[in-house]
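Quick setup: one chain, the form predicted on its own, written in structure tokens, and binding and motion questions come after.
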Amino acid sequence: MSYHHIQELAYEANMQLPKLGLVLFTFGNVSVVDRSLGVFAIKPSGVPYEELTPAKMVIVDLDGKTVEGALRPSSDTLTHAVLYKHWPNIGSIVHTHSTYATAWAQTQRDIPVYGTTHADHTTAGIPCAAPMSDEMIKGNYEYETGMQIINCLKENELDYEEVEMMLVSNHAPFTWGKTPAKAVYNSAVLESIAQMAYLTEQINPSSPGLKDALIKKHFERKHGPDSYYGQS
């Protein structure tokens, strides 16, 4: 069985993270799933980006068990596995500890919709999952992190296909998408939105949120049925 196609995609996506300034050293990981084979490729744990190759991407099943690869998969593998099992329409997941998004996660706050850049990508604030209980932390921590993400979206009545980014309280951001390129794009956009929101509150701690009419306008001109952004 050849898994080279998803190993190559996972490698290329992982290598985008340091180029975009989203990771340092060995932080972060990207995975890419092949639904037909029931496996995904993910970055090996603790390996510097400059030492990665497609062949070093570890193949695991949707229970997080290694199928192929000599290296240990990312410590976040079970979180990825949970999301793939519960969300059938995603093709890739990105986890970073990018500076501004992680800072927001550490405040345990959602990122409010302050401007049109945010509204271009989602009509909701970027949700931050509640702190994990001691029992969850002591148990199957990475699995519980995945459930924390899923439950946060459910509690906020958000659709994972519409909101493709979120924060895990006191931890860091996770993003996803139908393709590796979209998942990485979402990670970079989330970091930019987080930085803008931080600066907005520094300039004016009482900044009002973006009005609903502008949120709707900016989201729908990119994503609505009558969207007119970009080329047809």
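Small disclaimer: the values here were computed from a predicted structure and weren't measured. Heads up: residue numbers just count along the shown sequence, starting at 1.
What comes next is about the form predicted together with another copy of the chain, which does not appear here.
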Quiz item: Of the listed stretches (30-38, 195-203, 159-167, 60-68), which one has a non-hydrogen atom within 4.5 Å of another copy of the chain in the model of the complex?
Solution: 195-203
Quiz prompt | Partner contact for Glu142 in the model of the complex: another copy of the chain, 4.5 angstroms, heavy atom | solution = yes
Quiz item: Should Met132 be classed as touching another copy of the chain in the model of the complex when contacts are defined as heavy atoms within 4.5 Å?
Solution: yes
Quiz item: Are any of the heavy atoms in Trp87 no more than 4.5 Å from a heavy atom of another copy of the chain in the model of the complex?
Solution: no
Quiz prompt | Non-hydrogen atom contact Thr123 with another copy of the chain in the model of the complex at 4.5 angstroms | solution = no
Practice problem: Note that another copy of the chain is not shown here; using its position in the model of the complex, name the residues of 103-124 with a heavy atom within 4.5 Å of it, in sequence order. | Solution: Ala103, Trp104, Gln106, Thr107, Gln108, Arg109, Tyr114, Gly115, Thr116, Thr117, Asp120, His121
